[in-house]
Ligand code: NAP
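As a starting point, one isolated chain is supplied in structure tokens, in the form predicted alone.
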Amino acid sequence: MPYISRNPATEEVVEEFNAHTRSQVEDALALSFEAAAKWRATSFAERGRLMLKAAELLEQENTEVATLLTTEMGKTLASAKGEANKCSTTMRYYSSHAEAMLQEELIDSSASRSGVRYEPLGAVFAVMPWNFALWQVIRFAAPTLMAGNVGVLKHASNVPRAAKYLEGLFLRAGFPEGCFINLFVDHDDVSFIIGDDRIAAVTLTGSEGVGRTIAKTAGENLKKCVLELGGSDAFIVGASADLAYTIPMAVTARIQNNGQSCIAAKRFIVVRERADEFVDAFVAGMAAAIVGDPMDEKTVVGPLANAAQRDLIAQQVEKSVAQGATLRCGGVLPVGKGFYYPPTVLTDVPEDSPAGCEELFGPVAVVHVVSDLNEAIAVANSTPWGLGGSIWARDSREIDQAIAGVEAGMVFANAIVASSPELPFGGIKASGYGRELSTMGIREFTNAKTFYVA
């Protein structure tokens, strides 16, 4: 299977890479295994020095990297620059905080001295998606490398240039060869790699279906895995919401990254007393978002990543409208080159329609009107996913009720759900398990070794 970099705005092929052969994969795994044995013995100071150098290189190359991301998956140039900045910030964070996060903990017991040490596991195999082609990888790589593990990357087949850049970035920063390896492999090779004794653990950001497959394979091989899967995050508008602030944030929450984010707000659940004002302004805001060339600074929404993604979202909207959903704006495929789809709002959505029961991975919002906050929380919880959610209210009682009631790994109040190095990131239910980032995340791929000295 070739790895093809295609510009979503023009549909032109930028570059193509052949998949690695099984022999090349074997060589890479051997190199990674050898590197892991040496890397775990390095000091936090040395790991931090190299991570800081990688961050500095990324900062110096921000515009170049952003252009690469924009031409490879279609995000706006401004969004791509922000993604690169977030990566370098996170690398800096772990370069200086990892040692404290993994410090030996003393625990009182009947022993003269006892506690827990956090030691690296070895090579971590990462299967990563295209929507945040840099950030998703750095979110795994920065804490993993700082913990003394090494990384083996299998990136999405439509972002090979991003994958090559990341491999080169760590090498140019001075990381020993084998500490971070990129593999262009077929889907059939994923199970083989997970099963290899030289791989200690697995992490995936991707779809629910792929997550189930990888979890099964990891389980069969008794490998630790972390899964960050799909989501259909609820954006709850409470009775006390400041709509002048909330509505622009609602638009951004749905169309960020061209609507292609697992933690994007997808279901907008509004209490009836605020519904008319919210819906009318929200529809106007979505309709006003400028769709166009992602390299143009005026553009707010660029193309979707590929034709398959564009066609799927178009079919989901078309079928939902045919089943009775009301199309408030958008919903019409534009004519011309590029995998574009307009910001779209649906109301009166039947529960059994695609928009009512499937994840919408594009700039399409579903609005539900409910009687009160209790019903809003019930609707928010009525999906198989549990990644994130948000509550928009000025009343602290509404905020606390939603934080306690929404079944998700993350609930934000008066802020768009986002990831940051300080806080754990992950979901429950069909959105996966385990956590990335924070102290919890860096410890996922360590051996929590108990010690007891009599």
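Note that the structure is predicted; figures quoted are calculated from it, not measured. From 1 onward, residues are counted along the sequence shown.
Heads up, the form predicted in complex with this ligand isn't pictured, but that's what we're talking about next.
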Among 168 to 176, 221 to 229, 345 to 353, 71 to 79, which stretch has residues with heavy atoms no more than 4.5 Å from this ligand in the model of the complex?
-> 221 to 229
Even though this ligand is not shown here, does residue 369 get within 4.5 Å of it in the model of the complex, heavy atoms only?
-> no
For residue 380, is any heavy atom within 4.5 Å of this ligand in the model of the complex, or not?
-> no
State yes or no: in the model of the complex, is some non-hydrogen atom of residue 235 no more than 4.5 angstroms from a non-hydrogen atom of this ligand?
-> no
Would residue 309 count as touching this ligand in the model of the complex under a 4.5 Å heavy atom rule?
-> yes
Residue within 4.5 Å of this ligand in the model of the complex by heavy atom, from 136, 320, 149, 246, is 136
Which residue, 412, 44, 39, 425, has a heavy atom that falls within 4.5 Å of this ligand in the model of the complex?
-> 425
Relative to this ligand in the model of the complex, which residues of 13 to 37 have a heavy atom no more than 4.5 Å away?
-> none
